[in-house]
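Just the one chain here, laid out as structure tokens, in the form predicted alone.
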Amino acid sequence: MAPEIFFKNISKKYPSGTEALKGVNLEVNKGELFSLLGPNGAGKSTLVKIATTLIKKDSGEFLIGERNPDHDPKSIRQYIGVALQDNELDPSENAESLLRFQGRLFGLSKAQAMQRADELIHTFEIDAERTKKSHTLSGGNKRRLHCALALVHKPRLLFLDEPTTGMDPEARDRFWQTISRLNKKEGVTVFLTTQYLEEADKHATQMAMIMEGAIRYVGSVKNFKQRVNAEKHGTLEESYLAYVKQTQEHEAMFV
């Protein structure tokens, strides 16, 4: 079976001179809940933006759902859902109208768009915010609306870049119940970046570690924890911090 996401030698250098990605190779299988971890500035958001056709790579190749972005970027945008860090919402529109408009953009009829908006408002428990202008919503509710917008067209692959920033613990728990149901019951592949490592520990089965634009580890969350803390049986957060420290100390020896 072909991987859902396939990256080969992906490189990206910004005009400022920052080399964000240095020949990234990575595969994600269909139906996985996959987490990309790494420090701030490691290249996580850059890789997500390339995969979602928001920015162009400098070199390398990649496929999304066996689709080549160089040949068929429109098909990829139909196949994926994207919720990035920034809440890019029209401040003058309410939650319901934004969801309906998104549905129409993706080719739904007026009736279908109305029905889908209702479904997602219920799913993400924002009924009380249905008619509120988006600029009046709390940070957590903006994030839930943003994720709902990413799901209007029922994508088979969902990119979540720091999705629960600004949510309180209860809202985060409800959010993950929704995403886990999509992943496990509907087979939606989820590609996650998060600074809340307990989320990746609890929900992801496979992961990659990226540092300074290069992939340092790819495999299961369980194996990563065993590899770093073989004798301690620690959490992913403990293993992550230990791994970063070990890597920095090792590299400092050669400076």
Ligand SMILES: Nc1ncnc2c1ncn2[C@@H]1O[C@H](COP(=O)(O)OP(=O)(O)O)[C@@H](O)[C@H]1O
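Numbers for residues come from their place in the sequence shown, where the first is 1. Just so we're clear, the structure is a prediction, and the values are computed from it rather than from any experiment.
Below, we turn to the form predicted in complex with the named molecule, even though it does not appear here.
- request: Name the stretch, out of 34-42, 197-205, 58-66, 183-191, where some heavy atom lies within 4.5 Å of the named molecule in the model of the complex.
  value: That would be 34-42.
message: Even though the partner isn't displayed, in the model of the complex is T18 close enough to the named molecule, meaning a heavy atom within 4.5 Å?
response: T18: contacts the named molecule in the model of the complex.
query: Does the named molecule come within 4.5 Å of any heavy atom of Q85 in the model of the complex?
result: Result yes; Q85 sits at the interface with the named molecule in the model of the complex.
- request: Mark T46 yes when one of its heavy atoms lies within 4.5 Å of a heavy atom of the named molecule in the model of the complex, and no otherwise.
  value: Judged by the heavy-atom cut-off of 4.5 Å, T46 is in contact with the named molecule in the model of the complex.
query: Heavy atom within 4.5 Å of the named molecule in the model of the complex: which residues of 126-141 qualify?
result: Residues within 4.5 Å: none.
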